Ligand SMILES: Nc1ncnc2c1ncn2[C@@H]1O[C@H](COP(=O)(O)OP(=O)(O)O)[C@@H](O)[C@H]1O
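This document opens with one chain alone, in structure tokens, the form predicted alone.
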């Protein structure tokens, strides 16, 4: 039976006794329109959680609230046991939360290698250090991630000259440069061809398995979500409609009527 929209979901990925991220009562309005309404959202260590729903359901707004890109009007957010409600985005990132965006954010005039190294900023590296050559550990991390994504042939190309799908892989490299414990992926398959979508799914699973990185994945590609997520949260009109395993969600009549059957 699908977990109800208001209850706390069971912990997955083993028998952890805590959540890495725990948000309660998140509410956000824009000009009187309530984009997110009293949403509870939790992620266990190493868990992959899909976040789906119709256009305008509040997915990206909720993601922005969780990462502190958007200040919530009401609610609490704890990350690794710390209340992060009053922190800025960079401060949250330095505590281990990485993020990619619906619209890819790379520096097109810089090479793939240079973009990868800029991921250091999330570790709290100041502008002065960013302008100096990276240390051996940073170069090793960038090289390992580029090799993992199987894009070493792109290393010296300008980011503006590679495909949209390859940009998504570079963005994931940047997000992983600070060795985060949680990464938020917003529409990662948008504009990506089917072959690279399969590659992206593989790389996310490898990072999840080998580095125990938890992921929140916002997607319109339902096939991608159902193939990768341990648990799926469905939003509709800014509220949580359902919360359960992919099998439970696929059999939930409310979800089918509001979303899957549309």
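Since this is a predicted model, take the numbers as computed values, not measurements. Positions refer to the first chain, counted from 1.
Although it is not shown, the form predicted in complex with this ligand is what the next lines describe.
Asks: Residue 33 versus this ligand, in the predicted complex: is there a non-hydrogen atom within 4.5 Å?
Replies: Flag for residue 33 set to yes.
Asks: Does any part of residue 194 reach within 4.5 Å of this ligand in the predicted complex? Heavy atoms only, please.
Replies: Residue 194: no, not in contact with this ligand in the predicted complex.
Asks: Contact with this ligand in the predicted complex for residue 56, defined as at least one heavy atom pair within 4.5 Å: yes or no?
Replies: Yes, residue 56 sits close enough to this ligand in the predicted complex that at least one of its heavy atoms falls within 4.5 Å.
Asks: Any of the heavy atoms of residue 91 lying within 4.5 Å of this ligand in the predicted complex?
Replies: Close contact is absent here: in the predicted complex, residue 91 is far from this ligand, nothing within 4.5 Å, heavy atoms only.
Asks: Within 4.5 Å of this ligand in the predicted complex, counting heavy atoms only, one of 42 to 50, 25 to 33, 203 to 211, 222 to 230 shows up; tell me which.
Replies: Stretch with heavy atoms near the partner: 25 to 33.
Asks: So this ligand isn't shown here. In the predicted complex, which residue out of 163, 102, 179, 140 has a non-hydrogen atom within 4.5 Å of it?
Replies: For this set of options, the contacting one is 102.
Asks: If we check this ligand in the predicted complex, which of the residues in 61 to 83 reach within 4.5 angstroms of it by a non-hydrogen atom?
Replies: Residue within 4.5 Å: 61, and no other.
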